[in-house]
Ligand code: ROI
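Listed next as structure tokens is one chain, alone, in the form predicted on its own.
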Amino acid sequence: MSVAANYLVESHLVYIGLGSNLSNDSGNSRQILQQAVQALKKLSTGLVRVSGLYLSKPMGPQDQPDYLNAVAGFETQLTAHELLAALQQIEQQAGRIRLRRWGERTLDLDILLYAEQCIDTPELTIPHVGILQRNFVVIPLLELDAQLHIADMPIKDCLAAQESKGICQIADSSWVASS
């Protein structure tokens, strides 16, 4: 093995869920998500693919605004825990404050899938908990890869992939570039 081969770092395909239902000093939810995608590009070793933009009802308390959601997919050399720390830093920069479970937020970034790994630690669970029950995650994921499987199940066959209640696409993937 050559010395150069010792420096090769493996890249992992990851999918990140993006959500926002509050504005901050730098803009509205759409602008916050656009800024988040720009930040994700710095974590990527290549192209960041992004789904269309979806409007969805809140999963938790209903006394909050509807969410804007999307999914981004890219390759990264970060470990899953390093990626989690980087995503939490991006959330903090967007002014995220955790007031209540499933409550309103300026930015929510979740690791949905990390390569084909299953991770279960106190800090991180991958695949993301409840992923197959959340149409605001599954439908954008299918846009990026219709052949994805989770626990040997094609996600296109899960109930959330068929359920369009409470969600509607408001922009195609060009929303990232628009102002």
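In case it trips you up, residue 1 is the first one in the sequence shown, and so on. Bear in mind the structure is a predicted one, so any value in this text is a computation, not a measurement. What we label the rigid core is the largest C-alpha set whose atoms superpose within 1.5 Å from one form to the other.
Here the subject shifts to the form predicted together with this ligand, a form of this protein not shown in this document.
**Student:** Where, among 119 to 127, 34 to 42, 52 to 60, 146 to 154, do residues come within 4.5 Å of this ligand in the model of the complex by heavy atom distance?
**Tutor:** In the other structure, the partner sits against 52 to 60.
**Student:** Taking heavy atoms and a 4.5 Å cut-off, does N69 contact this ligand in the model of the complex?
**Tutor:** Yes.
**Student:** Report yes if any heavy atom of G95 sits within 4.5 Å of a heavy atom of this ligand in the model of the complex; otherwise report no.
**Tutor:** No.
**Student:** Under a 4.5 Å heavy atom criterion, is Y114 part of the interface with this ligand in the model of the complex?
**Tutor:** Heavy-atom contact with this ligand at 4.5 Å: absent for Y114.
**Student:** Check whether E91 has any heavy atom within 4.5 Å of a heavy atom of this ligand in the model of the complex, and answer yes or no.
**Tutor:** Answer no; every heavy atom of E91 is more than 4.5 Å from this ligand in the model of the complex.
**Student:** Each of Y15, F74 and P140 within 4.5 Å of this ligand in the model of the complex, by any heavy atom, yes or no?
**Tutor:** The answer is no: none of the three residues contacts the partner (heavy atom, 4.5 Å cut-off).
**Student:** Taking this ligand as it sits in the model of the complex, which residues of 16 to 48 have a non-hydrogen atom within 4.5 Å of it? Please list them.
**Tutor:** If the 4.5 Å heavy-atom criterion is applied to this ligand in the model of the complex, 16 to 48 yields only G19.
**Student:** Does A85 shift between this form and the one not shown by 2 angstroms or more at the C-alpha, the core having been superposed?
**Tutor:** Superposed on the core, A85 moves its C-alpha less than 2 Å between this form and the one not shown.
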